[in-house]
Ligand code: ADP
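One chain is shown next in structure tokens, namely the form predicted alone.
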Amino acid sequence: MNIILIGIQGSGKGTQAKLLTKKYGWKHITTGEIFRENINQKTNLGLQAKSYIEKGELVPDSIVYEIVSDAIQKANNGFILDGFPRNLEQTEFLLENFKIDKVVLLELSDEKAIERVMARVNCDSCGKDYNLLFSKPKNDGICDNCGGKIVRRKDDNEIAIKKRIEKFHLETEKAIDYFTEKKLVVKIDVSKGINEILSEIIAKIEQ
């Protein structure tokens, strides 16, 4: 199957995508990861994307489309898209060029989203992720994995999070409306536990 996970910041897209990938063997495609892969491999697209990123500019959709299309075409056993599409134009491009079976909308209130994202931290040495609400390190401020220092990402402050949430409501909700018109959307309440959410996603996509 070809699945899109869509939801507000902090709704657990990455967590659920990893669990679904493990169960079904689908390729987990995130724009951040495929950008990094292309940049590290010094592909033509990666070098083009890097030139925009280094100037602090958004990578143009034309390059994003090529990078995403390349990743999708390599996903022979199905894929989970996480972080794309973010707006109506990207949605139209996707549906014009690829078959999408289900769009899983992870529903979470703005308040809960802010609370969850503010609780996200990671190790500044090995990069291991933690969440102070669900998966704390055993010892405060110290990584279980390597003993490194636990830090919060610079862009996970309340002002930055609110801006990203506002952008989601302004842009991504138009994409959700479009998917809803095409009868592709299944809604999941993500205020529950991780395994309960996973079971509900599996039940709805296998219907």
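Since we're looking at a predicted model, the values are computed, not measured. One-based numbering along the sequence shown. Throughout, rigid core stands for the largest set of C-alpha atoms superposing within 1.5 Å between the two forms.
Missing here is the form predicted in complex with adenosine-5'-diphosphate (ADP); even so, the following discussion is about that form.
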query	finding
Partner-facing stretch of 108-116, 129-137, 84-92, 69-77, counted where any non-hydrogen atom is within 4.5 angstroms of adenosine-5'-diphosphate (ADP) in the model of the complex	84-92
Residues K99, T180 and E206 all lining adenosine-5'-diphosphate (ADP) in the model of the complex, heavy atom within 4.5 Å	no
Partner contact for I53 in the model of the complex: adenosine-5'-diphosphate (ADP), 4.5 angstroms, heavy atom	yes
V64 within 4.5 Å of adenosine-5'-diphosphate (ADP) in the model of the complex, heavy atoms	yes
Partner proximity in the model of the complex: R152 to adenosine-5'-diphosphate (ADP), non-hydrogen atom cutoff 4.5 Å	no
Partner proximity in the model of the complex: Q9 to adenosine-5'-diphosphate (ADP), non-hydrogen atom cutoff 4.5 Å	yes
One residue of L47, L170, C146, L58 in contact with adenosine-5'-diphosphate (ADP), assessed in the model of the complex (non-hydrogen atom, 4.5 angstroms)	L58
In the model of the complex, the residue from K27, K162, K174, R36 that sits within 4.5 Å of adenosine-5'-diphosphate (ADP) by heavy atoms	R36
Displaced residue check between the shown form and the other one: N87, CA, 2 Å or over, core reference	no
Threshold 2 Å Cα movement between the shown form and the other one at N122, rigid core reference	yes
Sense of the change in Cα distance from R164 to E37 in the model of the complex - at least 3 Å versus the shown form	closer
Pair I39/N76, Cα separation in the model of the complex versus the displayed form, closer or farther by 3 angstroms or more	farther
